[in-house]
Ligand SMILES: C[S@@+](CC[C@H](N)C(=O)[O-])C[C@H]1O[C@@H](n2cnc3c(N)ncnc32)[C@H](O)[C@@H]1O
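Before any questions on how it binds or moves, here is one chain, the form predicted alone, in structure tokens.
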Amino acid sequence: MHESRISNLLKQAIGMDAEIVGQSVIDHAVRARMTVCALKDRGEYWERLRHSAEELQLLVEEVVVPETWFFRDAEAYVALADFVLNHWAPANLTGVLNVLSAPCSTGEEPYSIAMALLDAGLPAPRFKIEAVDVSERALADARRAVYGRNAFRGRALDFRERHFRPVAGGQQLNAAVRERVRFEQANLIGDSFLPGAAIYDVIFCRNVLIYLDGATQERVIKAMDRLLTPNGIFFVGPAEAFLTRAGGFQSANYPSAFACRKADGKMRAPIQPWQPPEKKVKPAAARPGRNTGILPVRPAGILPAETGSGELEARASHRQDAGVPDLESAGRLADTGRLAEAREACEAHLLEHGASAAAYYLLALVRDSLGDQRGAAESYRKVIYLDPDHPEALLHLALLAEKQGDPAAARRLLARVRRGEEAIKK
């Protein structure tokens, strides 16, 4: 009885759905707080919890365990730079770009945004980032801005040389980046969450909607719609894109970035070529992304050059095969809204070249966008067969299971994602 009461209290407080995150996560946090409070009876702890706003906040701190790192889902930062340089800046020759990161956890995301914009050549005075989170503990770590090795993952770590210096306990972020971010405690689902409207040109709200129940998801998406400017851009997590479509957003057509815009907004073409005063962003050779096969022009140093010579030769031979589109072409069709053609291109690629996780994942995304949930689920399952730890496919399947009324299957799939993240940490 007390377990369900505590879960319901957390759901009311921060929107966390125990059915999705797992009751064991909440039970572990409750036991930790009971130990600190020197209480052995859960009923006693429940009485303290429901009468103490301070204890509720401490339990929230225990439940909300940050899992993030710099340039996580790096394609989003490539899309951010392209949007700012080629859409926002030409239409705003003066003024300041306003960015929101919510929730911001321990700061890796808003600081990644700042580094991406600085590396793209946008002058520091021309942008500011507001970062909010419900956890004061996480915000304290973010303001301190000293990070251990878990915050630096993957092979593209040259940004660390530009923006960090080694100190006792890890890597200290340079002041030039820290000064672009303002941190504030705020509850994403609270009635007083960031009053006002249409003030942010860019919003990052990633990998949080998947842990909320349907009504709370709708509430958060409405808040983001209220806060986003008409021509702004909104980034969500890999498994959350279809939720934004239901909330009135549409794709911003950036490969693998999971970026969307208001359905009545327009991505304006540049009024005139714009170059930042200190650094010019030059087109870089495209590399096959994990999801769609190609990324847009990127700021130097954000993404690794992972394409080997053999892979380049294979891609070249695919391009020379006039009868079968490669994944790069299929990805471009999808990104320009030609979804039926993109589906046919993916199917032709699979028929000619055989099964691959990348091809089935792109096909799944396309089918999902076309509203073919059954076909999308089938393709996601094939991705998992070929790549059992593919996190995006697992998350998509979990959300489809939840939507189809199978929370047990959703929990099992989310548990596999969490196990994969733990394996990365080790």
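As the structure is a prediction and not an experimental result, all values here were calculated from the model. Numbering starts at 1 and follows the sequence shown.
The same protein also exists as the form predicted together with this ligand; that form is not shown, yet it is the one meant from here on.
- In the predicted complex, this ligand stays beyond 4.5 Å of every heavy atom belonging to residue 26.
- Although the partner is absent from this view, residue 145 stays clear of this ligand in the predicted complex, with no non-hydrogen atom inside 4.5 angstroms.
- Proximity of residue 247 to this ligand in the predicted complex falls outside the 4.5 Å heavy atom cutoff.
- Among residues of the shown chain, residue 103 is one whose heavy atoms approach this ligand to within 4.5 Å in the predicted complex.
- Though this ligand is absent from this view, in the predicted complex it lies within 4.5 Å of a heavy atom of just one residue from 378, 44, 55, 67, which is 67.
- Interface residue among 417, 14, 18, 410, judged by heavy atoms within 4.5 Å of this ligand in the predicted complex: 14.
- Contact with this ligand in the predicted complex, defined as any heavy atom within 4.5 Å, is confined among 251 to 259, 352 to 360, 184 to 192, 81 to 89 to 184 to 192.
- Residues from 356 to 395 do not approach this ligand in the predicted complex: none has a non-hydrogen atom within 4.5 Å of it.
- With a change of no less than 3 Å, the CA-CA distance between residue 232 and residue 395 is larger in the predicted complex than in the form shown.
- If you compare C-alpha positions, residue 395 and residue 218 are 3 angstroms or more farther apart in the predicted complex than in the form on display.
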